[in-house]
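Just one chain follows, in the form predicted alone, and it is written as structure tokens.
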Amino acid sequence: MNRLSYIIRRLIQMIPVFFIVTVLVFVLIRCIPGDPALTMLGDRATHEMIEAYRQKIGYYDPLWLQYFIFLKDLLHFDLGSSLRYSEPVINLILERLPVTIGLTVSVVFFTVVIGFPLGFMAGKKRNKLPDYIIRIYSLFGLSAPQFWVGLMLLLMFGVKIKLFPVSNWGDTLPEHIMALILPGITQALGIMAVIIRNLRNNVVDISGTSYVTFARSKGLSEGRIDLRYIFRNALLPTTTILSLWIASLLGGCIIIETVFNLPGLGALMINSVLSRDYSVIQGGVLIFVITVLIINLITDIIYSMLDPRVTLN
């Protein structure tokens, strides 16, 4: 099956998955205990204000009717309006999404640039000093809480050295990039630890295979063997792990965005959950789901590019 037909088939398969997710999101959000009118308006709101708010959000409508209206609007790419911010949800998401995407790209950049070389080096220098040092770092990355690492980096590089901004997103592209470096490193530390350990073990296993020994017997250079035979094959399982982490980054960014005060989608979701802003919560979760489905599709395609033996069926 060629790549284009496979992509079309996978996109069609995403439709029922997406439909099931919309049902789960719609029902689970409304299972949260408490009255959204009281949460939004506060205890000092009058009875008339509370009733008007309930009528506005369709609080008294049957659940199936609320879902039908939600699904009909969704088919028209209308995610509704935020009652907290008094803006269309799609505008809020488009405004905040670039921050979260920028943070995710920053994390992936540091993970690939630092984690891949360290993992490969640890595998090639098995049971030697570089291997021990890298493995000690990976243990630290796995055990250190992200919020603590972020606060330490802020205190050192933001407050004392003043090399990076503290809780300031900025207005220009260079300011945005500077604001993403510390949170990107903070979240990449834990992911790099997993990538390093996985890549190291893969390199160790592949280095002892028969086809690597045969490549050496043919007189190929060590650099070519490392790149084409060892590193490329070691990337296959590591790519799966990285794709899963990228998908989880969209949810995990909530903590990092809170610590570094970034105006991203995670912070928007936290505020919306606390205020019971149904429309924003539904829109944000659906964006997360669509992103995860796309990332899984891209991972399968990358798999077929790294290993020609992998067929897209």
Partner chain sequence: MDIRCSAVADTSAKSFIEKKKQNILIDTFILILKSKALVIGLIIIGIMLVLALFPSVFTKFDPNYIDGNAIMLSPCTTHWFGTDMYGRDLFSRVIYATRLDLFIGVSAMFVPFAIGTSLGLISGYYGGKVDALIMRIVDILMSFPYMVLCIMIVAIIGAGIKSLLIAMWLVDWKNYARLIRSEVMIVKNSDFIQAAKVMGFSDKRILLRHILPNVLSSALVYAASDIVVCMMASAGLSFLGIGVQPPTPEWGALIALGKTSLSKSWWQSFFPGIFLILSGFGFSLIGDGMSDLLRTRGR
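In this text, all values refer to a predicted model and were calculated from it rather than measured experimentally. Positions refer to the first chain, counted from 1.
Keep in mind that the form predicted together with its partner chain is not shown, yet the notes after this line are about it.
Q: From the list V212, A144, L236, I181, which entry has a heavy atom within 4.5 Å of its partner chain in the model of the complex?
A: Result of the distance check: A144.
Q: All three of M152, F288 and V292 touching its partner chain in the model of the complex at 4.5 Å, heavy atom to heavy atom?
A: Yes, the whole trio is in contact, each within 4.5 Å by some heavy atom.
Q: Is I69 near its partner chain? Define near as a heavy atom within 4.5 Å, in the model of the complex.
A: Flag for I69 set to no.
Q: Taking its partner chain as it sits in the model of the complex, is I57 in contact with it (heavy atom to heavy atom, 4.5 Å or less)?
A: Answer no; every heavy atom of I57 is more than 4.5 Å from its partner chain in the model of the complex.
Q: Even though the partner isn't displayed, in the model of the complex is I12 close enough to its partner chain, meaning a heavy atom within 4.5 Å?
A: I12: no contact with its partner chain in the model of the complex.
Q: Residue-level question: is F140 within 4.5 Å of its partner chain in the model of the complex, judged on heavy atoms?
A: It does: once its partner chain is placed as it appears in the model of the complex, F140 has a heavy atom within 4.5 Å of it.
Q: Under the 4.5 Å heavy atom criterion, name the residues of 183 to 200 that approach its partner chain in the model of the complex, in sequence order.
A: Contacts from 183 to 200: just R197.
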